[in-house]
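One chain comes next, on its own, written out as structure tokens in the form predicted alone.
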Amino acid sequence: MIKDYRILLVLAFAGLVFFGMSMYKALDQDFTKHQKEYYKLLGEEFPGAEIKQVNVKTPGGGMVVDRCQSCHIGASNPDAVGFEAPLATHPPIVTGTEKDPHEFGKMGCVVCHDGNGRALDLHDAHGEYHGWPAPLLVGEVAQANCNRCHAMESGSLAGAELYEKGRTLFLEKACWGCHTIAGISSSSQAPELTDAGGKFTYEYLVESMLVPSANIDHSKMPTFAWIHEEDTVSAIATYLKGQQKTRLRSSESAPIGYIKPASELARITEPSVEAGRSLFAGTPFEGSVAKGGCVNCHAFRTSDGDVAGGNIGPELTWTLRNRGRTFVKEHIVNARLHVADSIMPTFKDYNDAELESIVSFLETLDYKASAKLDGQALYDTYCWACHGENLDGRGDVAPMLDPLPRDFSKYQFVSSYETRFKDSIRDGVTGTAMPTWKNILSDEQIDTLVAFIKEQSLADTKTFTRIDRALPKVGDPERLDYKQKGTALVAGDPDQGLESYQKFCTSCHGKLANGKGPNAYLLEHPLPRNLINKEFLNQTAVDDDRLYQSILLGVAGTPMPAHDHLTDQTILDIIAFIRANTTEESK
């Protein structure tokens, strides 16, 4: 029995020691040291350590627990202005007012700055450990969280200048054209950002703009020229961080209260060139921000020939003369109406007056190059941006085009399709980004351009002669009837064609026949053709004879191989399957 009491005595003593150590550690925490220093600076007696906690109600009956002022003890005390952090007075959020409306004793710090309000350790409280969804926001970036209490969809809010700048830039830089934010835009071209701030950290949003593929491997978001402007990136990221579905907007839960928006975005009701110029440039129209920003992707030339704008989409200097008003309007509203694989956003939010204004502005782009340009100069003026300096289809704007521009550096392609070049330049290639140039270039200039391309591609004197094989007709003998049994061809069967297509074509052209098969992006340029692009497949130049030769003989200078192992009947069936999906009746 005595031994049992001794064991209990030892355990009790050990427990007392551990309890004392834990109490000492609690009393010796950072916040205790800060509070001692704070009262020493005030010249007052230290009343004892205290965990200062603020509770903020959230919608649904939840609670934000905020213990930040256990360390930031002087946040609300004007006498602590000259103290060092974290003891100093919080600077006014709204400057120029007699009294800042924000009461930190009521709202705490986490509502604005994020972090982990329950923690008392510096590292934990600032959310500086892996996996914490809301690391501390410092400085102006904390304006992202003004959105939690204030309605900031439009109008302005004192003290939230960086956030307001970010919203303006979101419109000016045409981010709205791809990304949806509820109440601002409705595009579905790219990930929705209505809850971007609730899902992602500020650092994640910045990184996604600087390196679009950093977080999404196959991101098609361009690398814009403005990513080198630190202030622009910071403002947009702050605005996006403010997009959070969970907010504190009610008289009961919001420490500051709900403030009604002061104004709406500007909408143009009367078309004009000036309105179109503002929309194109993404600048305010008549003092208000309007949705625009074409210039962030597209370049244009002044009447003096100076180039301005972005290098992400095709230059628009000649667009109205190449495409016409109807095409341009339809393309803005739905880029995939005529170009099935266009990556251009769908600007369906524009009204008729805004569309007319943009087109009217584009009509003012009247630059005309000299009619005496040689082949090199013609190529540099009209072709270089898409087809590249080396004629390899890798120009500055090529990454954003689908299908990619033709590669003219392959002598096999140039030797085989020289005649087609002239038609493609003069009449364009329907269903692709290649426009018609017959309204800009004369026949003589087109001949000069074709001669230049041929000369550059065949500079090493290599030539290539393509076999000419005519499309067989119904009743003709089968090409592979090696037993001479007289097998005769019949009209192509779409159902049989589908079966054959699935066997021989899907690895490159995809099961949907859209050119996005599993091997497509492993091939050299150009990528497989989209076989459900009705605009392309229904043009006169793409007849059954061309399809037959492309399947049977391959396409010279491209990864498309010859399929001469297939019977003519199989090829006719595949052509019938393609036509069944691309005829006017199938629309």
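Rigid core: the largest C-alpha set superposing within 1.5 Å between the two forms. All residue numbers are counted from 1 along the displayed sequence. Computed from a predicted model, the values in this text were never measured in an experiment.
Separately, the form predicted together with heme C exists; it is not shown, and the next lines address it.
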Counting only non-hydrogen atoms and a 4.5 angstroms cut-off, does residue 101 reach heme C in the predicted bound form?
yes
Is residue 579 close enough to heme C in the predicted bound form to count, meaning some heavy atom within 4.5 Å?
no
Check whether residue 464 has any heavy atom within 4.5 Å of a heavy atom of heme C in the predicted bound form, and answer yes or no.
no
Under a 4.5 Å heavy atom criterion, is residue 204 part of the interface with heme C in the predicted bound form?
yes
Quick one: of 310, 242, 159, 492, which gets a non-hydrogen atom within 4.5 angstroms of heme C in the predicted bound form?
159
With heme C left out of view, choose which of 289, 275, 391, 386 has a non-hydrogen atom within 4.5 angstroms of it in the predicted bound form.
386
Which single stretch, out of 365 to 373, 396 to 404, 267 to 275, 302 to 310, brings residue heavy atoms within 4.5 Å of heme C in the predicted bound form?
396 to 404
Taking heavy atoms and a 4.5 Å limit, what residues of 491 to 530 are near heme C in the predicted bound form?
504, 505, 507, 508, 509, 523, 526, 527, 528, 529
Rigid core fitted, then: does residue 199 show a CA shift of 2 angstroms or greater between the shown form and the other one?
no
With both forms fitted on the core, check whether the Cα of residue 416 differs by 2 Å or more between the shown form and the other one.
yes
Has the Cα of residue 498 moved 2 Å or more between the shown form and the other one, judged after a core fit?
yes
